[in-house]
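Just the one chain here, the form predicted on its own, laid out as structure tokens.
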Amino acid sequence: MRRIFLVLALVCLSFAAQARTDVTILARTCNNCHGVGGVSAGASMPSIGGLQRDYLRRVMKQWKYDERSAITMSRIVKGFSDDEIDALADYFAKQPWTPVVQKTSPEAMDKGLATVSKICTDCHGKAGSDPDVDAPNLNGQWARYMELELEKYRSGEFKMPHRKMKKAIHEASPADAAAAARYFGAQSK
């Protein structure tokens, strides 16, 4: 009986190690664009490590099922099963959020803070580090990436399903939205 228990325990550990290895290998496909551990080094590519699991899961499935526009991601996630997407979301959510703080002018900071205070704090918090459950961290996220996403929300050409974001972005001018992105990008905490 003791031997059977030991064999079963080893088999379970083997399966657990294999599942962990598979998601680690799968996550390597994300590293090319999003950086090791999900910390991006490219200004138009978001950092994803440390974002909320449910947010990551939802966005990837929106791309997979053509509910959200993204030229590259829509093609990539179609090759993943829902279970693989769930595993990737879990993996990246467990990574630390590492802000990539970008410098910006004092004028842009003031203008950005005014816009953030007016339309962003309810969902993202004042510094972008206290998001609602369905919103991502924005503190230290790449400002250029955020500007591109905000343009997609403003445009009618892209599928962007978050209705509250669509409404909020139209309350700001394009210049104010860009200043808000630079403000969030400059936040470390």
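The structure displayed is predicted, hence computed values, not measured ones. All residue numbers refer to positions in the sequence shown, first residue = 1.
Form predicted in complex with a small molecule: not shown, discussed below.
Undergrad: Indicate whether the small molecule has at least one heavy atom within 4.5 Å of a heavy atom of residue 129 in the model of the complex.
TA: Contact with the small molecule, no.
Undergrad: In the model of the complex, is there a heavy atom of the small molecule that lies within 4.5 Å of any heavy atom of residue 32, even though the partner is absent here?
TA: Because a heavy atom of residue 32 falls inside 4.5 Å of the small molecule in the model of the complex, the answer is yes.
Undergrad: I'd like to check something about residue 73: if you look in the model of the complex, is any of its heavy atoms closer than or equal to 4.5 Å to a heavy atom of the small molecule?
TA: Although the small molecule is absent here, residue 73 would touch it in the model of the complex, with heavy atoms inside 4.5 Å.
Undergrad: Is residue 64 one of the residues lying within 4.5 Å of the small molecule in the model of the complex, judged by heavy atom distances?
TA: Result no; residue 64 lies far from the small molecule in the model of the complex.
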